[in-house]
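What follows is one chain in structure tokens, specifically the form predicted on its own.
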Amino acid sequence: MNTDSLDGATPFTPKERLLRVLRREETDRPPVACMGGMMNAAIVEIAGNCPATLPGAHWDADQMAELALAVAKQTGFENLAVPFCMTVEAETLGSSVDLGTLACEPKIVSEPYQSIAEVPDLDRESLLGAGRIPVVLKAVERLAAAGTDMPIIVSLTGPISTAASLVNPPAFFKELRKKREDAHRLLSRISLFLGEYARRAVRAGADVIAIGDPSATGDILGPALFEEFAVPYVREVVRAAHAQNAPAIVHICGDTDSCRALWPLMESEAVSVDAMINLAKLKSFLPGIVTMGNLSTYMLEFGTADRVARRTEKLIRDGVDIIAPACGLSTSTKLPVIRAMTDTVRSRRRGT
């Protein structure tokens, strides 16, 4: 069992450490984590040498669970995370998806609707039993049954990003301004669907729900639309996790500084942001906020292990609560560079 302690007497497992941080309780050091979904850590170097590989693990619960265990073991990230992409929800809702290859993650090929107004009511019960959602839930059950001391994170695609994968994106963002009632109706349906998915994931064994909503960035929406269309529907999914007594992490890409005052309104236990955001300043602006991130994935892909270790040390000194990649890892990222990050964190103790 992998344990550390605050004072040499009280052991912390990786699960205990992460959950303590999310509850704003004292720990010996930050966890180091990668939340899955858009932040898939199943790099080629791991998946290419594992019997459970990609793209097969996207559709097979046993392979998904086995690959999640292999990722945690080899990278040093202190959590188990599924799925390995952010197309599960969109595919279930009718988008055409290419599941990719070992080196190329799944992607949306085409959206089924050209306008928000075209999207019909969503039959949540039938949808939650369709597509790859049952595969993810079975993989979570397998991971929970494995009895590890790692927290299980299930990553969902946030409401804005799911909607923009269902409706032609240029039309969707245009209609946020021009068809506001239709947009609210669609996002309400999607958030209810995602909320029920979150509840089922926790019942299957997830310890934490992560919500990745890269299309909700302030770069695209700006503060006014972010407050109107992102905040309430992300909060709906967060509250669904809370209803099952599970904490939630929210990640939004890009420059979110213009929207930083709105972060607390989403009610998540932690916020995860892109590399361009100064997390020390964010913590100063929002005292008490739990921050996650934000080591540049460009640096992880192209930088040296020594440079990554130095940057990781700075994040620790800056008081970042959960050390993590800033966004999605390239599948060509090298394992020794990831280990430079995770080993640096795992070697630390409070006050060192």
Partner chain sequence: MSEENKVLFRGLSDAVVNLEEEKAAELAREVVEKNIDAYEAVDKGLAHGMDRAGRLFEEDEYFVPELLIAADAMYAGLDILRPHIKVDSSSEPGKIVVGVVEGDTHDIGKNLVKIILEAKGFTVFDLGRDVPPETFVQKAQEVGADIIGLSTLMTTTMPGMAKVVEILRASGLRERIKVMVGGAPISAAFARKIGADGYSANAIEAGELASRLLAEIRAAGAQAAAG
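Here the structure is a predicted model, which means the values were calculated and not measured. Numbering follows the first chain given and starts at 1.
Keep in mind that the form predicted together with its partner chain is missing from the display, and what follows is about it.
Contact with its partner chain in the model of the complex, judged as any non-hydrogen atom within 4.5 angstroms, is confined among 171-179, 137-145, 122-130, 69-77 to 171-179. Residue 281 falls outside the set of residues with a heavy atom inside 4.5 Å of its partner chain in the model of the complex. Its partner chain in the model of the complex is not approached by residue 318, whose heavy atoms all lie more than 4.5 angstroms from it. Proximity of residue 27 to its partner chain in the model of the complex: non-hydrogen atoms within 4.5 Å are absent; the residue sits far from the partner. Taking the partner from elsewhere, residue 107 is found to have a heavy atom lying within 4.5 Å of its partner chain in the model of the complex.
Contact annotation: of the candidates 62, 313, 306, 301, the single residue with a non-hydrogen atom within 4.5 angstroms of its partner chain in the model of the complex is 301. Here is the short version: of 150, 153, 221, 198, the single residue with a heavy atom within 4.5 Å of its partner chain in the model of the complex is 221. Counting a residue when any of its non-hydrogen atoms is within 4.5 Å of its partner chain in the model of the complex, the hits in 302-329 run 302, 328, 329.
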